[in-house]
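Shown here is one chain on its own, the form predicted alone, set out as structure tokens.
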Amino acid sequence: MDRLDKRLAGTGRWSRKEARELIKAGRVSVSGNVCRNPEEKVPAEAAVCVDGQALDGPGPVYLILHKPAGLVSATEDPREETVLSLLPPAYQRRGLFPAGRLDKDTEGLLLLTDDGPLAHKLLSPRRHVDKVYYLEVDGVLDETDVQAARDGMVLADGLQCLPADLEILSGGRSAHITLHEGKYHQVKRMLAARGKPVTYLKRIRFGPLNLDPDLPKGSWRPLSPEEIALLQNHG
């Protein structure tokens, strides 16, 4: 048994205050009956609906997560804590997965969803979905690094990178880089090849989505309808 307002807030779609307002407005039903008491104790198996739609109904779900360092971008891992550990149980049970990956020590924007076709479209090498990172390096970046990225680097293992856009920031020890592909550890490998290893990396944009500056590290929120439409229409 759990309080009704806590059940709604546990989905992550509403704050506890918003959940209480929904319930008092008569927009929530439990097992077919409207309930206006936020403190009503509800069995776990009870069908809860908001505006006639099942609270735990079918997807798709789209969440934007501000990934902190120290977590792996996976649904499960036998040794490491995953990004799904940051979600409430209601979302952990939904079968969400990261659309793309960030290294364990990389921070920033990560899309979590259960929409397999959309994730496949966004990650398809043919789509060349842009990914923008903020980075800091051990060294000083210069115009030769900008040109090398623009030309499309060939790494030591023979990987031919697509042309990338490197924008050096003040002081030359940090930059924004825009990739049009997503190879394994690509940003780190590219800068290491230039003798300027990455010391900090954060993804700030994925396709049409920007990292919300008001979203604290380790926090997440559902995408707005406008953001979902941008994703679905991207590419």
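Sequential numbering from 1, following the sequence displayed. What you are looking at is a predicted structure, and each value in this text was computed from that prediction instead of being measured.
In what follows, reference is made to the form predicted together with a small molecule, a form of this protein that is not presented.
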Name the stretch, out of 167 to 175, 180 to 188, 25 to 33, 38 to 46, where some heavy atom lies within 4.5 Å of the small molecule in the predicted bound form.
-> 180 to 188
Heavy atoms within 4.5 Å of the small molecule in the predicted bound form: does Ala193 have any?
-> no
4.5 Å heavy atom contact, Leu201 to the small molecule in the predicted bound form = yes
Look up in the predicted bound form whether Leu110 has a non-hydrogen atom within 4.5 angstroms of the small molecule, and give yes or no.
-> no
Can any non-hydrogen atom of Leu141 be found within 4.5 angstroms of the small molecule in the predicted bound form?
-> no
Only hit among Leu102, Leu96, Leu122, Ala149 for heavy atom within 4.5 Å of the small molecule in the predicted bound form is Leu102
